[in-house]
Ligand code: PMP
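Only one chain is given next, in structure tokens, and it is the form predicted on its own.
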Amino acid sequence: MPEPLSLNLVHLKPSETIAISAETKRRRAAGEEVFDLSLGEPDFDTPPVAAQAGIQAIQKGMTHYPPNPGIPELRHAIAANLSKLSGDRPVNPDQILVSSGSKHSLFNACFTLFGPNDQVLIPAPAWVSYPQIVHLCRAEPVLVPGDIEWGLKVSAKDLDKHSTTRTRGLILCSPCNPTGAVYTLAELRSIAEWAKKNDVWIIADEIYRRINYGAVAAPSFLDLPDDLLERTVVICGASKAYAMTGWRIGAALAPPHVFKGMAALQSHTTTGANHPAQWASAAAFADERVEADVLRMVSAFRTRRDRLVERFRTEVPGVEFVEPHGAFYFFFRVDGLTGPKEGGAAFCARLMTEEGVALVPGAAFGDDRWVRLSYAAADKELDAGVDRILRFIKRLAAARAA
């Protein structure tokens, strides 16, 4: 019998999304035809300007240890970008910590702010890693169910119902993974006011902020007055909007004393993010030519979103879904489709077996009534996969009616 592992890992589960992606690759390697609509990774290449900046950094010998908080050029580029998106709001680059992906930024923030006996509220459905990261901090994640009539978002009243004297934090993602829902500025303000009143830290995961189907960017906590941001850490990064998932660059904007704690923690873990990747990301955040690439990618995501919404409404009108206003996820309800008491896990298992399409069951996000489809896939694969999903749903409906 293997020796027990550390109690640090007692609650830890492997990432369901990564596991599904690995299973998809295994089936493809075995010769099966599989359409992978599970992974939240843009199908576009990194913008050429950013990629070339990374290549040039390597050629110029920028391959040694970077400054632990990040190279100044990238921190200034991120600050300027955040400032521009929020109406030229002043953003201090000295409060920006660059890390090895936004997941690393989230871990730094949680590990710095939370510990044993703390509770952290997480609106659900929620990205798979939030509860796991909170557990790793020896804190307790508390899932707050979203309102179906409100795009599965939560309100300050919902947060209040689930808070206790131990509540120390809130992790909120907007635009949201897995639903694609976007909080309005008024909703963010209400939540920020609630957090201030209750001395709760907010970790605002805004990694999908630029992938927004209204304005150029989704509403942000950075659009709120200074007095509502005193206990807020904003997470951003290059992965999603700039199609730079593999470059592994994320960042956090934090109050000075929190920044110092996070930087100290990082100095004993990764000692800074990949050096050439930081130069590539600096170009992504700062170069106007890259902005044109971002707008082109967002336009493609919007077109795919529109096509998905239209097909589900016309071809399977009885299936409930959250209409996405940002990110690149389509969250639809499947409980009862494969059996009276079966949900997303059973639906996804049968869909893979019978149709060769990979989706993520809602159980991974805290609600197995639903499944997540990622439309960050090439149009041909997306259309073929959706054809099979709709065919599968119609077949299930016909079997129930028989």
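Everything numeric here is computed off the predicted structure, so don't read it as measured data. When you see a residue number, it is the position in the sequence shown, counting from 1.
Beyond the structure shown, there is the form predicted together with this ligand, which is absent from this document and is the topic of what follows.
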| query | finding |
| --- | --- |
| In the predicted complex, the residue from Tyr208, Phe330, Tyr183, Phe285 that sits within 4.5 Å of this ligand by heavy atoms | Tyr208 |
| Contact residue in the predicted complex, chosen from Thr112, Ser102, Thr232, Asn274 - any heavy atom within 4.5 Å of this ligand | Ser102 |
| Whether Thr179, Arg302 and Val322 all lie within 4.5 angstroms of this ligand in the predicted complex by heavy atom | no |
| Which of 122 to 130, 151 to 159, 70 to 78, 260 to 268 sits within 4.5 Å of this ligand in the predicted complex, heavy atom basis | 122 to 130 |
| Proximity of Leu106 to this ligand in the predicted complex, heavy atoms at 4.5 Å | yes |
| Exercise: Lys240 in contact with this ligand in the predicted complex, heavy atom 4.5 Å | yes |
| Distance check, Arg248 to this ligand in the predicted complex, heavy atom within 4.5 Å | yes |
| Cys173, heavy atom within 4.5 angstroms of this ligand in the predicted complex | yes |
